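Just one chain follows, in the form predicted alone, and it is written as structure tokens.
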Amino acid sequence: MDKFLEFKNVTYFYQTKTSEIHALDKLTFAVDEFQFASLVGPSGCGKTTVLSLTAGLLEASEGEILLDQKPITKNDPRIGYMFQRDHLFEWRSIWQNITLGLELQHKNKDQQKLSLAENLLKKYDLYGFKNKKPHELSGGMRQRVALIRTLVLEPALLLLDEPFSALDFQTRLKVCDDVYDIIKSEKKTALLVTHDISEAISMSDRIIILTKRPAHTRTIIDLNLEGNTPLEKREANDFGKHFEMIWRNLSSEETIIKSP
């Protein structure tokens, strides 16, 4: 596989009212094309900052961020962002929510884009709800709508900032399967930020473990667990070993624990 997203010695500082905060220090990692990767690390280490830099919402103090060998730009159109909350507008129908990005880009009369939106709704069992309002949908359905809204803009890379954190555990497991299936079916590259080690293992081809702030790459794990879905992968023989290894890396400040 070719490197698709690359962080090359990325350092980031930001200012508060009283001091300068060193958030990232020479952070280096890569995600291959069509890979599903996860970022895990201690609380407050800068995982969401990494997503903001990747999306072009922030600019690195030092280093280089490349997507498909080209520098990331401000609000880069090649990148789609899925947040913790679905951010669906309750006064708009599901169809109007899904096509919101097209409206903002003045592409809401683009028949190719509109056809893509319709096809995605049909493919993922939401077409019958296109005229409903968000409050009429379950939490899992709302997350699928939010993902489809992002996919309609045809990004090359999807960034997911703890998109399942507001869901109850049972719904979360189902939505993980749904989102994983959609991303793999649509052949997208994805980078997920999560505090949930089990979620990272079950969804990822690669896990990037960060150190505490200022964050740099502690270690990278490539996974190939048995199972076709995240739920099935939670039953894989090596799942527990990977969980323990990642937990020990997050708990230890010195020794790097290698993959089993």
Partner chain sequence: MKKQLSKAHEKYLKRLKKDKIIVIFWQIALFVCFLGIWQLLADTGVIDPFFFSSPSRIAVTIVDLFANGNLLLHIWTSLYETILGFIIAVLLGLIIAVMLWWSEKLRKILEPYLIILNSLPKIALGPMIIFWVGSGTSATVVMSVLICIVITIISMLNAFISCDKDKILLMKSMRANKFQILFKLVLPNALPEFVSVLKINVGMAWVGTVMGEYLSSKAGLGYLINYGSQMLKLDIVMTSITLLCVLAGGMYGLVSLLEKRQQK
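Positions refer to the first chain, counted from 1. Keep in mind that what you see is a predicted model, and the values were worked out from it rather than measured.
Keep in mind that the form predicted together with its partner chain is not shown, yet the notes after this line are about it.
The stretch that touches its partner chain in the predicted complex, counting heavy atoms within 4.5 Å, is 85-93, out of 165-173, 181-189, 118-126, 85-93. Although the partner is absent here, Leu231 sits far enough away that none of its heavy atoms falls within 4.5 Å of its partner chain in the predicted complex.
Looking at Arg144, you'd find every heavy atom of it more than 4.5 angstroms from its partner chain in the predicted complex. In the predicted complex, its partner chain sits within 4.5 Å of a heavy atom belonging to Leu100.
When its partner chain is considered in the predicted complex, Pro71 lies well away from it, no heavy atom lying within 4.5 Å.
Shown here without its partner, the chain carries Thr217, Ile220 and Arg248, none of which come within 4.5 Å of its partner chain in the predicted complex through any heavy atom. Screening Ala156, Leu114, Leu153, Leu137 for any heavy atom within 4.5 Å of its partner chain in the predicted complex leaves a single hit, Leu153. Taking its partner chain as it sits in the predicted complex, the stretch 100-126 comes within 4.5 angstroms of it through a non-hydrogen atom at Leu100, Gly101, Glu103, Leu104, Gln105, His106, Lys107.
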